[in-house]
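One chain is shown next in structure tokens, namely the form predicted alone.
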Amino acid sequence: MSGARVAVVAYSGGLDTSCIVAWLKEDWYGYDEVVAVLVDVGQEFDLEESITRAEAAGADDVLLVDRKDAFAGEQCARAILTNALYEGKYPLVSALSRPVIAGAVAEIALELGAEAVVHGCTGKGNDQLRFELAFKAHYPGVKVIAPLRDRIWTRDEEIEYAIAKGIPVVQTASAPYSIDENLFGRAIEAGVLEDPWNAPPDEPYALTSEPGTAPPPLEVTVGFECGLPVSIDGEELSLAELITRSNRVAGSYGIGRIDMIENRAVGIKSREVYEAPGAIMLITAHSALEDVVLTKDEARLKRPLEQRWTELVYEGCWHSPAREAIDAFVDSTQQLITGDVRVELRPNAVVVTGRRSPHMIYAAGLASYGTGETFPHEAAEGFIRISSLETELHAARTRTSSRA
């Protein structure tokens, strides 16, 4: 259609983005063509159902873009190398996928010469930042439309609208959860979870089992090369396969269930429930291997940079020089992070029981209290004497000042 107004939607197949496809054809937006782009980052979805839903909503085309391996090899890999846990708990499940999805959508929009790119985020959430900053990084100057920010819809209103339009929906009034998932885990919100006093029901969990039903403890050995996990119990796997395997084995113990009050980028607190069993197992193991390989100052420098990296990615700044600069430092620390970590999986817990590396800076002969230890005890007295000079001078100065 010559001169047609085209909008490209970051399409998940869920309630919000299905309604958005229809809204874009309504008078208040009036687009001639709407293209729905479904980006595969390892989430579970029924392609036929998603296409049917998008077409029922009025999409002119539905495109599937496979980014699973790219997502694993870049975003998931860097999260593991950086031990990324937002506020010490959340392994950035949704935040990591957004630049991948937005990048794929923006590339297609550029190819089509589309007027606008569209996302399904609200004005309250973090994802609007993540999507829009990534859109701009790939397609500078593009118009970005956020229908759920332009007009406030309750979930019940969306469900009613979709039913009236003949759009098949998964959510119902009795189970109105909003679920985002990818290779690295799942994010669950809405419904009864909005009250922080309510315990999360078992219903929305899919990757993890109730810890009380966990099998007997199991030991697993994770092999690493240059900081990245490459094998489980000696079996070499691609990173995507390894994360999937870790999700399955750790999930059976209820590991990775996270229920937290989170500080969003927009200045409000939200109650978030996640399940990321593989991410928690792999980050725990990676951090343990770093403990025996990194020097004291490398570790001391890396910890605050890990926190800042996590905050940057959480707030949508994947495409930022600061994130890239931190990555350069992290990469320099990972060259010797090769070895094995043994973990025992228990109900709701990953317990490190062993670590080994050909590059360990840990020396048993120095640390041991047994026969044959090699620590130079005679040097300790002089070390303490030099180290205490400033403390003694400060104490003497304080006493002098108090007598004056």
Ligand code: ARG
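Bear in mind that the values here come from a model prediction, so they are computed numbers and not experimental data. Note that residue numbering follows the sequence shown and begins at 1.
Omitted from view is the form predicted together with the named molecule, to which the following refers.
Report task. Identify which of S94, N83, S252, T333 has a heavy atom within 4.5 Å of the named molecule in the predicted bound form; exactly one of them does. Result -> Selected residue: S94.
Requested in this report: Let me know the one among T244, Q307, S178, S287 whose heavy atoms come within 4.5 Å of the named molecule in the predicted bound form, would you?
Outcome: The residue in contact is S178.
Query raised in the report: Heavy atoms within 4.5 Å of the named molecule in the predicted bound form: does L207 have any?
Result: No - in the predicted bound form, heavy atoms of L207 and the named molecule never come within 4.5 Å of each other.
Query raised in the report: Is there a heavy atom of E158 lying 4.5 Å or less from a heavy atom of the named molecule in the predicted bound form?
Result: Close contact is absent here: in the predicted bound form, E158 is far from the named molecule, nothing within 4.5 Å, heavy atoms only.
Query raised in the report: Are any of the heavy atoms in E225 no more than 4.5 Å from a heavy atom of the named molecule in the predicted bound form?
Result: No.
Query raised in the report: Though only this chain appears here, would Y274 touch the named molecule in the predicted bound form if you measure heavy atom gaps against 4.5 Å?
Result: Looking in the predicted bound form, residue contacts with the named molecule include Y274, since a heavy atom lies within 4.5 Å.
Query - Candidate stretches 231-239, 298-306, 182-190, 207-215 - the one whose heavy atoms come within 4.5 Å of the named molecule in the predicted bound form - result: That would be 182-190.
Query raised in the report: Heavy atom within 4.5 Å of the named molecule in the predicted bound form: which residues of 106-136 qualify?
Result: Those in contact are N126, D127, R130.
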